[in-house]
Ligand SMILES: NC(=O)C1=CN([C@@H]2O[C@H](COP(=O)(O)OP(=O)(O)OC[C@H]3O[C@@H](n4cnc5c(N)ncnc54)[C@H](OP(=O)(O)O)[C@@H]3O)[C@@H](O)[C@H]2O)C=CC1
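Form predicted on its own, single chain, as structure tokens, below.
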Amino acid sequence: MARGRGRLKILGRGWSLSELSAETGADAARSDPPRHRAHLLGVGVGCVFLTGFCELPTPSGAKTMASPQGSLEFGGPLGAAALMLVLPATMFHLLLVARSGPARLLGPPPYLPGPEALWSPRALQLVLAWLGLQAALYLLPARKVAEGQELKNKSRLRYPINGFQALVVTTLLVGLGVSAGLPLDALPEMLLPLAFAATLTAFVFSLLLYLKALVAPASALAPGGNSGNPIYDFFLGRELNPRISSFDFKYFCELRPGLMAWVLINLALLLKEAELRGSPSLAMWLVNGFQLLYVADALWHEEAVLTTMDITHDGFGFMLAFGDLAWVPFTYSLQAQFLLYHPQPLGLPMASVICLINAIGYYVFRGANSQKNTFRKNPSDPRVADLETIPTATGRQLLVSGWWGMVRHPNYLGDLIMALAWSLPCGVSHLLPYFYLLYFTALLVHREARDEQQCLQKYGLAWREYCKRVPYRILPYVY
């Protein structure tokens, strides 16, 4: 799911776009895309980018702490098993109701698709071809190779920073394909089988990752996905950084295939609307533009994902694989799907207001993340040298001024403001387009609770002092 940046990462800003987090007030808040990019899933998007607190780096590097046995997340094995059913079911529900007449988020879908509506060899071929293309672009020479956080064995993995380069090449290839007659506007009619193929791919991929982790050394295992329960470990992921040679599967999936598939689906929906109505609506243009900016930002700042919880702490299992490969592209494109089947009038005055809201959200999001990243790289940089910090027993400093003195997660606040701007072009007559905002709010609150617990365990009294100095978590004077 990258920014997004993003990404639930529970599902991946998004990208999380998502979704992702990083360390600033302490080293537990994780994500800068998609984005995503928080993962309960994905965000990519999540994530694309879920980021957290700023801290002064130390020569020893960041260390991960194993979760105490008996404190399993997500409700333990039963919760993990339920999520592996509920999350795909939710994704298919959204795909079905978006094209229905009533478009009721909380109502039943118009019909239950049969196997013939879900299974398509062509769809599976397209999903695998897309993954193959992005894997090939991952292997191209990178403009930069960055080192990750220090691992248990004191080594550091190296990562190619060429995600934005892959986005540019993909854009050129898609543009050439469309000009040569590629029927991209046929993609909206294939969303159900494509989502099914992506889900099937995520399940098979997660199984292979789990089997690979069974022969991995103990030093390669993630602190959370090593409970001994196969269902829970399959969901959360046993191995921290599964690789074949220099190809890092988790890092590859975190932002690239899901976030870029998200904007590709958005583009296909825009072209389909142009075919049906003569030209894309202003609302469709805004949704496409806002979300393309989010994804491009996530990939331009790809190096920031190396300090996120997804990379440094979580194993690579079904939670991230499904979030990155299925949840992010097929649920984060919900606003564009809705607009194709439920066109909404939008005048220039309201469009201007929505653009201002998105600009404010992006300003907060990017400002907070940039300040954090600058501080982490060089605390003596003139842009951050005067910021106030709190010393900790670990030798690190907690940043308690600037953006990070306003609330503990200013980047989360920016993400939520942008999420609102993405939904507003869809009007206010339906709740469905606001699913992303509702889901993302729940995701970030859950992610923030994980961050708080880890920071308290690691920093103790210094963290309590930080909380006194910065009492609000995400929204000033409210929460």
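What you are looking at is a predicted structure, and each value in this text was computed from that prediction instead of being measured. Start at 1 with the first residue shown and count on from there.
Form predicted in complex with this ligand: not shown, discussed below.
Enquirer: Please check if residue 338 has a heavy atom lying within 4.5 Å of any heavy atom of this ligand in the predicted complex.
Expert: Taking the distances in the predicted complex, the answer for residue 338 is no, it never comes within 4.5 Å of this ligand.
Enquirer: I'd like to know whether residue 365 contacts this ligand in the predicted complex, with contact meaning heavy atoms within 4.5 angstroms.
Expert: Flag for residue 365 set to yes.
Enquirer: If you check in the predicted complex, is residue 197 within 4.5 Å of this ligand, heavy atoms only?
Expert: Outside the cut-off, so no.
Enquirer: Can you tell me whether residue 444 touches this ligand? I mean in the predicted complex, with a 4.5 angstroms heavy atom cut-off.
Expert: Yes - in the predicted complex, heavy atoms of residue 444 and this ligand come within 4.5 Å of each other.
Enquirer: Pick the stretch from 368-376, 218-226, 344-352, 116-124 whose residues have a heavy atom within 4.5 Å of this ligand in the predicted complex.
Expert: It is the stretch 368-376.
Enquirer: Please identify the residue among 90, 201, 165, 397 with any heavy atom within 4.5 Å of this ligand in the predicted complex.
Expert: Filtering the options by heavy-atom distance leaves 397.
Enquirer: If we check this ligand in the predicted complex, which of the residues in 443-479 reach within 4.5 angstroms of it by a non-hydrogen atom?
Expert: Contacts from 443-479: 443, 444, 447, 451, 455, 458, 459, 463, 466.
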